[in-house]
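Shown next as structure tokens: one chain only, the form predicted on its own.
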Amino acid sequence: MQTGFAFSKLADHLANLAELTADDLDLLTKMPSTIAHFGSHQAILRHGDASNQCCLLLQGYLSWQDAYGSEGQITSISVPGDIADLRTLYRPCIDGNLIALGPAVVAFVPHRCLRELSIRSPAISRALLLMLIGDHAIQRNWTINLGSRDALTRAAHLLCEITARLQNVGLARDFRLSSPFTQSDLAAACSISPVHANRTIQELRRCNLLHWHGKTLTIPDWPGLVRLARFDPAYLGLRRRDQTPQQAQSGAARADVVPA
């Protein structure tokens, strides 16, 4: 794939869901879009909007947030390579607020272009469908996370999920990543108070499962975080992922480490 290809993370994501050929990838390079930059906590889409385009995240993080709650409950987080509002291909009305978590760069792709792309490439059509199914699976897992896990496990599971999804598109390979949220954002995603979120982060630090310095997160003990979270990445529906040295060393001995 050519260096600087704007949709490289999307291509990585789709290729981890379905088998894509060089011709399929070439179609992606020609996909028209409008690039936009957003500041931290700036709204990209608002509840009730009608959409005729999809929002592909190129850099940064996005979150869907409750449009009615005063606490800004975060209901999902998008990472680079995600199409945050893919469901609008079939239901164009926006049913939440899409907010940038920190500075973000997005590409707006017209619905008609994605539909034409799906007609020209059955493989891409299948990958987009699997991406949409994956979004629903992630949402179901978030419901489980909030409904049946304590605060420490919720936070650990969220960190595991974000890391695995970043690794899926070639990021966070050394378990070092730009923070997808502030402590207040973490509280909103885990449905706990900011004070409780701070205590949870301190406990993860005390257990040497998380280092949080400024805008950078580092996971020094990935197998330990996976065990705490009881994280099984099967729900992400990934076809393949390259294995890191730490995972390869731990995977043979532990079934609860993220598999390749």
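In this text, all values refer to a predicted model and were calculated from it rather than measured experimentally. In case it trips you up, residue 1 is the first one in the sequence shown, and so on.
Here the subject shifts to the form predicted in complex with a further copy of the same chain, a form of this protein not shown in this document.
Given that the partner is absent here, does residue 134 sit within 4.5 Å of a further copy of the same chain in the predicted bound form, heavy atoms only?
So residue 134 counts as contacting a further copy of the same chain.
Test of understanding: in the predicted bound form, would residue 87 fall inside 4.5 Å of a further copy of the same chain by heavy atoms?
Result yes; residue 87 sits at the interface with a further copy of the same chain in the predicted bound form.
Contact with a further copy of the same chain in the predicted bound form for residue 212, defined as at least one heavy atom pair within 4.5 Å: yes or no?
Residue-level check for residue 212: no, no contact with a further copy of the same chain.
So in the predicted bound form, does residue 173 come within 4.5 Å of a further copy of the same chain, heavy atom to heavy atom?
No, residue 173 is distant from the partner.
Which one, 191, 40, 33, 29, lies within 4.5 Å of a further copy of the same chain in the predicted bound form by heavy atoms?
Partner contact (heavy atom, 4.5 Å) among the options: 191.
Among 102-110, 121-129, 177-185, 161-169, mark the stretch whose residues have heavy atoms within 4.5 Å of a further copy of the same chain in the predicted bound form.
Of the stretches listed, the one contacting the partner is 121-129.
Going through 145-167 from first to last, which residues have a non-hydrogen atom within 4.5 Å of a further copy of the same chain in the predicted bound form?
If the 4.5 Å heavy-atom criterion is applied to a further copy of the same chain in the predicted bound form, 145-167 yields 146, 147, 148.
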